[in-house]
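Below: one protein chain in two forms, given as structure tokens, structure 1 then structure 2.
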Structure 1
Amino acid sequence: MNYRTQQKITRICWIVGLCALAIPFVFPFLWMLSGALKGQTDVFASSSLVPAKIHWSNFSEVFAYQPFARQYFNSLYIAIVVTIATLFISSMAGYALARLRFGGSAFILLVLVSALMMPEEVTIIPNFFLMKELGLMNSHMPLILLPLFGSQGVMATFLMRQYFLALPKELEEAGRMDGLSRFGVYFKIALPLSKPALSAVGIITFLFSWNLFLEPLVFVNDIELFTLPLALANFTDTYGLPLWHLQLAATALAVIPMLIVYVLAQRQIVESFAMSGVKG
């Protein structure tokens, strides 16, 4: 057996082994798609992934049962607003912590890192009273402000700081010699060079906001203001029992943006986490 044949056999064995290991992770997704095309009584009646009768009407019933299109839009625009605002604030804060030397910078960084270790469940009660005092209950403002200035915003700032630390200072010094101000150096030199980190932070922030459940559950009451995680839990009958066929159909529609993001940008996510630990 020559070397080329051995390489092909080894490659085939690796592919088969990886496909076998992927089955436990892929099966729940396939089961969800199968259940989305079944009737309510057929979801658990058979373990077969191939529906005996395909119910395409499940997807139209999702929009008829509750204002699912409006809820879909709510999640989409909130995730976009949170992502854009987080990129703007975290990039400036990360650059300041990485390049500017001022009193208390080390303490601020310590506080930010400590905030990453605090679960959201610990702060949800004081945040509830804060939003109540500000008159922001039953609105989307808490769903925008809390991720922006909470753990997600802190994590984004930390990742941007780590990336800015890895950039060569010589480039910024050359910009200062050309007459750029500190903000000009940030905007015209550091920010364009940080596109990989910005892409990864944007992707992670979007997915975090898209999947947010606890904050909408606490701060939103009106069904027209529901986001997708709340909407999925609302597909129940008059006795409070889940309507599985509608719930699975709605879930299949809800994961489409996440799949698109993962397929298009998983490389940037991996590269960002690798680069975030280069220095600092």
Structure 2
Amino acid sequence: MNYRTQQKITRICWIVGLCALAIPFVFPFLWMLSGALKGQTDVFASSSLVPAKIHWSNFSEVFAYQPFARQYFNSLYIAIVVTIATLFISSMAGYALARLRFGGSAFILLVLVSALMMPEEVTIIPNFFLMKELGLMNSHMPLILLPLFGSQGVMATFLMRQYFLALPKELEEAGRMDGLSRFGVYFKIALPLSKPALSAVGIITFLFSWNLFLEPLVFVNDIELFTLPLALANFTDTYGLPLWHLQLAATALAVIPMLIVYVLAQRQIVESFAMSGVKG
């Protein structure tokens, strides 16, 4: 066996192995699509991936069943607000903790780092009563405030700080010479330099907000205020049994646009992680 055939065999093994591994990642999406197009009773009646009859009407019924467009919009705008606010607040704090010398900064850092890994379940009960006192129950504010200032915001601050620490100082010093204020240096020089970190942190934050489930479950009652995850869990018939075909159609509607965006941007996403040095 010469080197070439050996290479060829390795390569075939590589592809076959990865294909086999890919099955549990790809199949659920195919199954979801197929179920989304099936009628209510044949989701389980036939195990074939190809629907006996294609029910496009499932997709329109999703919107008739609950205000799904509104819920979609809710998730989207909350995730965008949380992402932008987190990027701003966390990068500012991260910059100060990396670059500015001030009494107490070491302590602040220590406190923040120890909260880095605290899940929201720890504080959800007091936060429930806090939001009640603030009159923010049954609104989107808890879904914006808690990620922003909880462990997710802390994580973002920490990652930004690490990135700023690794940036060369020379450009910023030049900016100071040109008479920029500290804020000016941060905003006009440091931020533009940290695009990879900003996009990596932005992606993580967006996904965090997009996936949020416990908070909406606890803080939101009105169906018009639901976010997508809540809405997806809410396709039940009269007596609480799932309406599988609608649930799957809605799931497909929730998943496919994200998949498309991801496929289009996947190179940039991977690169931003690579360059952001998200590694502590």
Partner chain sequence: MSAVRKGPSLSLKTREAITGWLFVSPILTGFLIFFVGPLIAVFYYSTTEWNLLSQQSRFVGMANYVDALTRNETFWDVLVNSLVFAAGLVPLNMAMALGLALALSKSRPGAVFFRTVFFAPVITSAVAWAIIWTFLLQHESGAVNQGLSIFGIDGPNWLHEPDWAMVSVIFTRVLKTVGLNMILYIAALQSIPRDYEEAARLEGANGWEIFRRITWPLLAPTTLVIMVITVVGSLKVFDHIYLMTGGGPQNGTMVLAFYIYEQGFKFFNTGYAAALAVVLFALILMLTIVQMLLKASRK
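All values reported here derive from a predicted model rather than from experimental measurement. Throughout, residue numbering runs from 1 along the sequence of structure 1. Think of the rigid core as the biggest set of C-alphas that the two forms share within 1.5 Å after superposition.
Discussion item. Between the two structures, is it 1 or 2 that corresponds to the form predicted in complex with its partner chain?
Written reply: Structure 2, not 1.
Worksheet item: Rounded to the nearest whole degree, what rotation separates the positions of the smaller rigid part between structures 1 and 2?
Response: Domain rotation angle comes out at 15 degrees.
Practice prompt. Could the core-superposed CA displacement of residue 12 between structures 1 and 2 be given in angstrom, to one decimal?
Written response: So the C-alpha of this residue moves 4.0 Å.
Practice prompt. Keeping the rigid core fixed, work out how far the Cα of residue 262 travels between structures 1 and 2, to one decimal in Å.
Written response: Core-aligned C-alpha shift comes out at 2.9 Å.
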